[in-house]
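Quick heads-up: it's one chain on its own, the form predicted on its own, in structure tokens.
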């Protein structure tokens, strides 16, 4: 469905895109390797590295156990109650954390679980004098469960909803009880998705940065990514940063190889419920456990969101909106987001086109390698976390002090690379379908080359391209990882400004900024979701590398 010249152009475009991605990943890694001190690791440094590596694995493992451990009974309860009032709103609520900036969520969690939060005030009514502390491991676990419990439940639920009605009738005829029903019917249906959800959650928690930075509370609760940031931003110890980055890359690689053994669900699936009658469902007062579990999950997810809105509205929004620094930060964030989205969509489009071209010409080893590299490009961008990429560029630019264009370019590039896997996921199936519909017609009409792209391909892909673009802007708008190393008085984004307000205990201003930032990113996510539903390729934002 492509002419010979179009095949050549598509291949060249794919090679160019892969070269850009390869250089963007290889250059900072090579800089990190070249900056190694070569003096070995002292006993105290070795103990420190071992401790934070162990804590990284510990908090990721506990977060995964809690998230998936609660998601399994929650998904079962939702599957047993397919038509209660408000179910669709609850499922939509579970999608909100997927697109919420982690800094905004952290402030909401502080409002609920902090020293003067709702939870501690409630405990005080029952005579509990020692307040619950959200800082440290407990706070990190709460934050990770807040983000990942809804994600895991949405991944597990479709497997249960797709079970045929005959399964339940047969189980009822055989007199299966609750345990037997779970072991023989429900668990086989959810086992694969639960394992995949667990692997995904573990990777997200192992590479978590913002939440640990805000809620870690000190050296005792430091992960590898936060330690890399501290090594460069505060201590300027390149040797330690290099070693920590190598360990982080090795850890991420090990997790990704483990995930390859588990077939990850490609989408959350239809979770709107159905009319399937399950004879095992208890009625009346026996339904209280399901009702309590669903209600508790809804409150757990909704409470921080409501807290952000309430505290944000209580702030002096009028003063914030007249602050020149706010508008400078907003303009910088928007410019970075738009530039990153342009880069991500361009790279994704070139690689998708190249993969389609290779698919029409099977048998060539060189083209097969090109297709494989293009398919793996998204995973490669997940292999090196944003803080590690930033660390390499930070050392290459000498800290970026006194510079403006170079650090901004690096931030744009990192944000584009982090959005690339999700953008490709949106564009590729739509491109395949459009080519199958329009490819032969375009050839028969003699419309080729740039005219074909302009008159046929781009109009047919307008909705998925817009979905990927808006989604990339939203991811970039709420990101702190790329700006963390380069933030300064000259380079200020909304997440960086919010982090500064939190760090200086200006909680009222932070609450107002959180509301504005959260509203902007959620509006973009809603637009992306609507566009994606229209094109049939809505992205599942598996929490964007927090």
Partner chain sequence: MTQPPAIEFDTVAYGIGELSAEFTFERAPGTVTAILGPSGAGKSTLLNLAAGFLEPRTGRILQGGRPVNGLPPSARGVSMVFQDNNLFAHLDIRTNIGLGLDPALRLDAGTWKKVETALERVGLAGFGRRQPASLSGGERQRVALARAFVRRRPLLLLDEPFDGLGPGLAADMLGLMLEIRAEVGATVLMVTHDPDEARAAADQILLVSKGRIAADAPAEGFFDRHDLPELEAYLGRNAGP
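Since the model is a prediction, treat every value here as computed from it, not as a measurement. Numbering follows the first chain given and starts at 1.
The form predicted together with the partner chain is left out here; the points below concern that form.
The partner is absent here, but in the model of the complex a heavy atom of 164, alone among 122, 86, 449, 164, sits within 4.5 Å of the partner chain. Note on the partner interface in the model of the complex: the residue among 443, 172, 293, 309 having a heavy atom within 4.5 angstroms of the partner chain is 172.
Residues with any non-hydrogen atom within 4.5 angstroms of the partner chain in the model of the complex fall in just one of 179-187, 70-78, 384-392, 246-254: 179-187.
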